[in-house]
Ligand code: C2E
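What follows is one chain in structure tokens, specifically the form predicted alone.
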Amino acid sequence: MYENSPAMLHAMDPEGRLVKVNRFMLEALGYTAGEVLGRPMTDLFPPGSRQTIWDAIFESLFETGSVHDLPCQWVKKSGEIIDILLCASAEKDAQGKIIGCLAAALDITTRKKTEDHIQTLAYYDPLTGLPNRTLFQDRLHQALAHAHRDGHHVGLLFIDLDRFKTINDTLGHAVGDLMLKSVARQLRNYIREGDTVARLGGDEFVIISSEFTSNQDPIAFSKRLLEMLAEPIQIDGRELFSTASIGIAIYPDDGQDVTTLLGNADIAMYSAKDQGRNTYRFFSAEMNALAIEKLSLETGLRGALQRGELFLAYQPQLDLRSGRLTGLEALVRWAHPEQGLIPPERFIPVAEETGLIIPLGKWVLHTACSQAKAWQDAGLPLQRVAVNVSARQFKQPDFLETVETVLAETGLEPCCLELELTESIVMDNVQEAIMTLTDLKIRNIHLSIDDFGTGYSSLTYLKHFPIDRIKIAQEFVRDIPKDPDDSAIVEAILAMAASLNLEVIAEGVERRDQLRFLHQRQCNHMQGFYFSRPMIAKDLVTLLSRHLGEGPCCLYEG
């Protein structure tokens, strides 16, 4: 049993020399009996730890007479280091003096590697090797505890790569992963001793710094970090660029616990993105108020459809040549039970960001088409209803199917529907946009570019889009004819549209001098407060009824 035991059994004399070893131990370590017998057992330990381990063994044997599961390492004859658990029991004479020792060692190298691997998976990001969220929170907790004890500050930088999703989607996840690894290396090399950099997930990184001594320190630190991250990265022969947005929160001013500090740094990061990206922002109370408002809007918006709080208003579109109403633009409104009427510019961005724009956009499309069909069935004159399409809607794989389903369910003819898209939507992925727009166009659906002139205008691409008309953005119409720059832009848009044989409609017409300027330059389609404010469906019945005759439009008589 001694010779064949799967444990490395051995005996030592009072000086710690090996006097007996079993066959399993010799085979496991690669030695012969002559190479180990008579040698100090400590010769099996790595050189740097021999004295420390022997002191621990001797002390335990002297005090308690035994050693239980002492983790240490042995060196095999080949030089390979293995992890072991050492157990020993002292033999004593009648006077209590140690006269020998029996010991056993278990090879736990495989188990130790497994435990280390599990530890790594639990606390480190498998892609970048950086601490993960769990280890980050533990280190931040320790940093805050030390700062509280010593009266120091702790800086937390929340870093999010700008437009990383575009790189991931266009070049593939493999390239995206290589980019994340490269950024992780940059951050690891950039931080100072004592700092921690971690990856929370996706393209989000955080840095914990206890070295900030003034408000200027995190500013200089962030500026240098932004400069470094803006440098090109070489990946698979490509030169890629990725800027970052950084949110900064400082303990104890911006939070005194892990959750609050991280949440406030996150809020500051989103503020940096709202400011145009590639910048940094410190957390402030105002940001927190805006974040709370956004959360409140999101929570309320999620149930607004079911509670019937959303409704559509319709703004007339006119053809000045005939003086008649040609269409209506459907505009969503939210009647909040406590806050009253919430303007679209407040809740639409929240809907876009959270993905609520998908069910909201489908509801708007269905409601507008259904109402238009009802007006037509009632004999009221309506050529077309215009519905705005968001970027998220347009990029949905089933967008075309959704439009077809709505038209089939409501019975509205495709030619009576106009979809309005912004320049940024169609220019985000030109080839896919052309395919989707062409699919819509062959179904006889009217298409227009909204807010033209504010995005990525390009004649090279615009001529390839199957667009019926463009809408001059309200911000250019607002100050014509007084502002020469806006006037020149409007004239250029009209000339360009004429050369491409595109119809033009100007929105936001509120004064007669604007109308006159546009009309003189052959812009004959308009909408705006000068003619009518948006109206709910029941109020429009009277207006549409007045168009049953052949007379001029009641909103504009030339």
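Since the structure is predicted, the reported quantities are computational estimates derived from the model, not experimental observations. Numbers for residues come from their place in the sequence shown, where the first is 1.
Quick note: we don't show the form predicted together with the named molecule, though the next part is all about it.
Quick one: which of 78 to 86, 403 to 411, 228 to 236, 387 to 395 gets within 4.5 Å of the named molecule in the predicted bound form, going by heavy atoms?
Among the listed stretches, the partner-contacting one is 387 to 395.
Find the only residue in D203, D451, D486, D195 having a heavy atom within 4.5 Å of the named molecule in the predicted bound form.
Looking at the other structure, the residue within range turns out to be D451.
With the named molecule left out of view, choose which of E420, D319, D125, D162 has a non-hydrogen atom within 4.5 angstroms of it in the predicted bound form.
By the 4.5 Å criterion, the partner-contacting residue is E420.
Counting only non-hydrogen atoms and a 4.5 Å threshold, tell me whether Q315, R333 and I357 all contact the named molecule in the predicted bound form.
Checking in the predicted bound form: Q315, R333 and I357 are all within 4.5 Å of the named molecule.
4.5 Å heavy atom contact, E507 and the named molecule in the predicted bound form:
Heavy-atom contact with the named molecule at 4.5 Å: present for E507.
Looking in the predicted bound form, any heavy atom of S296 within 4.5 Å of the named molecule?
No, S296 sits far enough from the named molecule in the predicted bound form that none of its heavy atoms falls within 4.5 Å.
Just to confirm, E329 within 4.5 Å of the named molecule in the predicted bound form by heavy atoms?
Close contact exists here: in the predicted bound form, E329 approaches the named molecule to within 4.5 Å, heavy atoms only.
With a cut-off of 4.5 Å between heavy atoms, is I348 one of the residues that contacts the named molecule in the predicted bound form?
Judged by the heavy-atom cut-off of 4.5 Å, I348 is in contact with the named molecule in the predicted bound form.
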